Ligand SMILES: Nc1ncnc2c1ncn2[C@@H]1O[C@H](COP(=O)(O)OP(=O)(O)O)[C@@H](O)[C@H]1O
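One chain comes next, on its own, written out as structure tokens in the form predicted on its own.
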Amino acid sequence: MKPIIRTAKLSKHYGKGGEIKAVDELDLEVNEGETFGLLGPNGAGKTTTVRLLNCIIKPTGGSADVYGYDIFKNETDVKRVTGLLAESPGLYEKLSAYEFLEFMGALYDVPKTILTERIEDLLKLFGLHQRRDHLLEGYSRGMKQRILIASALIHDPPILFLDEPTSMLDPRAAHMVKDLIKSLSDTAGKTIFICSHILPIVEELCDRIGIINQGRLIALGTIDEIIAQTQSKTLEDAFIALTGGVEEKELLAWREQRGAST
């Protein structure tokens, strides 16, 4: 398989002396067409990694290329080949779904001749066409998340970054978003990079996963490989063995997701 994202000792440090290592010498390859999951406790460095790879913040050291573009030298090119659903995205709720996608398309310079048809296709794909002219302020959380994912796809990027894609969603909405992600991977051929601290999300969706803790990548492979490496029986056991435990709210999220799927 062809690597489409590569990092070499990619780092982001904060503080006067660089003592806070949000990402610490990350070496990683993500292959074209795969769904990759970056898993870790809250504050482990997942969101910082995504922000680095989308040229939102600049690295302290190391290197990375996305779709062949250097994140130091080719910021504009990187942003054109990636779509990003941020953990706390902005949404202009006084716009309709159609207007919001039209606005996002204009930001990416999508030609008008293409944009109209693409908006229609995305609204149908995401099950929002009948409410295309309704203001986003009247949408449920699940519907807002769907329109945000649609907006990340408006310029048809080959790579899609999803940071906590089911965060704050109820089980029904989370299930709907997971189905959409599966569809994008299976039928649209997108490379999808998911960040999450909810184990069942990556377990269900991802071809391979990496586990990051305190800024360092501590495991990489398929779920079966990581379970075998830690001599565990489940991914949850492997995660605890590698990171030293999970926070109470993460355990609650795990139980909620498991309950929703049974």
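So that there is no doubt, residue numbering starts at 1 and follows the sequence shown. The model shown is predicted, which means the values in this text are computed figures rather than measured ones.
Omitted here: the form predicted together with the ligand. The next part is about that form.
The candidate stretches are 203-211, 27-35, 223-231, 47-55, and the one lying within 4.5 Å of the ligand in the predicted bound form by heavy atoms is 47-55. The closest heavy atom approach of A238 to the ligand in the predicted bound form falls outside 4.5 Å. The closest non-hydrogen atom of G62 lies beyond 4.5 Å of the ligand in the predicted bound form.
In the predicted bound form, the ligand lies within 4.5 Å of some heavy atom of A22. For the partner-free chain shown, P41, N42, G43, A44, G45 of 28-45 come within 4.5 angstroms of the ligand in the predicted bound form, judged by any non-hydrogen atom.
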